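Okay, so we've got the same protein chain twice, two forms, each given alone as structure tokens, structure 1 and structure 2.
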Structure 1
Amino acid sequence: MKNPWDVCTHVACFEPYEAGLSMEEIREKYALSSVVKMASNENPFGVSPKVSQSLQENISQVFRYPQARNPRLVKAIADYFSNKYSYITEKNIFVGNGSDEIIDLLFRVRVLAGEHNAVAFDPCFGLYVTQAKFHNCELRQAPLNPDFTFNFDALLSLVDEKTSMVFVTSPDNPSGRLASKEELLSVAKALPKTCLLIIDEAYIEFAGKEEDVSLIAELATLENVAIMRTFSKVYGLAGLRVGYIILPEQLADYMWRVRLPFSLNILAQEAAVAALEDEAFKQKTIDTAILGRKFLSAALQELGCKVFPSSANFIMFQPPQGTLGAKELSVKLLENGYIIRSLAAYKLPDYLRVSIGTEEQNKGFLALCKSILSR
């Protein structure tokens, strides 16, 4: 019998983003007393003490609606950049309930359903795929090179006059590869003026000196580039949901018009403002990730794994040939309380991604890998 609710066919056939299992689900499933999560590239230190203090101080305010358009946070972000990049003003900044909401809104403001297309690499972050589908926007995907470097010629070859957005993630998820500024500049220049290049910099803080790795320093001269960042990774606010994008003024205005007025709540807003005030916590997070990345990359290689160079706070790798497959290894790790990310949802069933943890977590993960692989 036909399902009576099956009216909106684009919803009935919609395949949602596949998130990894939560710590609670894993604890229950494998009857574990403790679990270490190294699967979602979260901050292994949690949040800055300034954020904890802000949360406590603002808990009494949650009966109030946040101020529409979150002006305190927008100003704090503009102030954060004002010394270095005077051309970034409050008018160019849009904030949302995580980058996830921003991605969805970009499709809302940039795409006429059934008419425009968007372009990204394959594989790419899952939300580009799901939201393109939901908004009835054809997503054209250019395969990455076999070593997961970017093939920008292939990407550009998919662009036509109906392409309204091009997404590039740098450093990329899941590979960790960084696109060079020269490459990104030439993509921006090659695109028609009506096509917005969105550089998703969720992990840029882990990639090196900002001026060397991000086009943020060149934004003043680029009319069709947007830079998207998140508070979920280096600032540790994944559960509060805060992302921002720096984009042309007119587009920022459209984003504000269509965003639901209160989607970024008071606690999240104030926590993000506080996070921007703690450079020391941010630097400790970055230093730990870079040290841990070096340590884990070398150690996994020594175990015979194929490890991909990463500029992010995670590493993609393949287990040694002739041992366990990626799926088996991730299940064995899970059974012993370590959650890492199988990349089957990225159509990479032979690859795994591990987030860099604290020194202790990295060593624990490695010791377990060693013991599983030597059995």
Structure 2
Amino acid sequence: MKNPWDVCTHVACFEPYEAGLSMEEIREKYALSSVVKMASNENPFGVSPKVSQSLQENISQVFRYPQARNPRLVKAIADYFSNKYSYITEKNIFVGNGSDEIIDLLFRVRVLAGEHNAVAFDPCFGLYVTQAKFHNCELRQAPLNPDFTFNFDALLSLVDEKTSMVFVTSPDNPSGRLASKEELLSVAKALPKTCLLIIDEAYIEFAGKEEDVSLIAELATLENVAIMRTFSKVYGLAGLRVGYIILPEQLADYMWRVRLPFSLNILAQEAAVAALEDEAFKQKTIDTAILGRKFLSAALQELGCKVFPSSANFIMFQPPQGTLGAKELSVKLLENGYIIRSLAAYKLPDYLRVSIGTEEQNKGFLALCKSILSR
């Protein structure tokens, strides 16, 4: 008898996303009294007090559907940028259920299955790979340089008249490397007019002055560039799933046409609006990340680790030669209650990534590393 679900075989080759053990699972597995998570680049302070207040005030509204297109949040984002960049309006902004939904919808509106291709670096964010595969879009990947800097010549060499999108993450994950404005501007100008350059700026707030590190100040003169950002990192809303993208007006309109009408819930919307109103909390998060980044980078190098320059809220490093390997070190840290990220999934089994935490968390992690590596 024919399998009635054969129609679904195009997804049979996909593997489900497998997250690591939760903090509670690790606490139970290793009989630990406390666990410190420094693996997912989350905000070590949690959320702004204004966000907490907003969630409490709006909890009674969860029985209602959110307003279509989340106009309050769209307006709040437009207002946030309007003083600096008058050309960014509500018509250029699209919000989604995290950057994940935005990436999926970009493939939906920009790709003709089996005809178009997309281009990214290798390694890259896993969702570029899965959504390209799901939408039957060839994903061409250019290797990063050995020091994880960007090889834009190699990237551009993969672009042709069928390339609909080029993805660049800056600062990059997992390395933390930052692409210069000059490089990104050169790439944008070199691409065909029909090709959209999407710059994923999930970590841009930790990289320095916005006008020095982002093309957002140049969007008025660039017709084929989109800037994608998230509320998950600097604003601490990872669990509420809120992302946004600033892109050409016509493409924003197409995105709204195909987005599920209520994908971003009321609490997420109101929390994001409140987060934009607390600049002090945002700056505290940025200052803590920058100070912690300098401290951990220097300290890990003193332990003999190879540390890569980072402009994000995390550091990529390689344990000292002749000591424990990356996998062994991450397991030892885990057994002692510190979760960091193994990069085997990025095809970088010899490297680890640690998120910047509070001063106490950073010192605890470092002391534990020193103890383990000296045994």
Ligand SMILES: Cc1ncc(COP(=O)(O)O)c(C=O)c1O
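Whichever C-alpha set is largest while still superposing within 1.5 Å between the two forms counts as the rigid core. Remember, predicted model here, so these are calculated numbers, not experimental data. All residue numbers here refer to structure 1's sequence, counted from 1.
Between the two renderings of this chain, the form predicted together with the named molecule is found in structure 1; structure 2 comes from elsewhere. Taking the rigid core as fixed, one finds a CA shift for Gly20 of 2 Å or more between the two structures.
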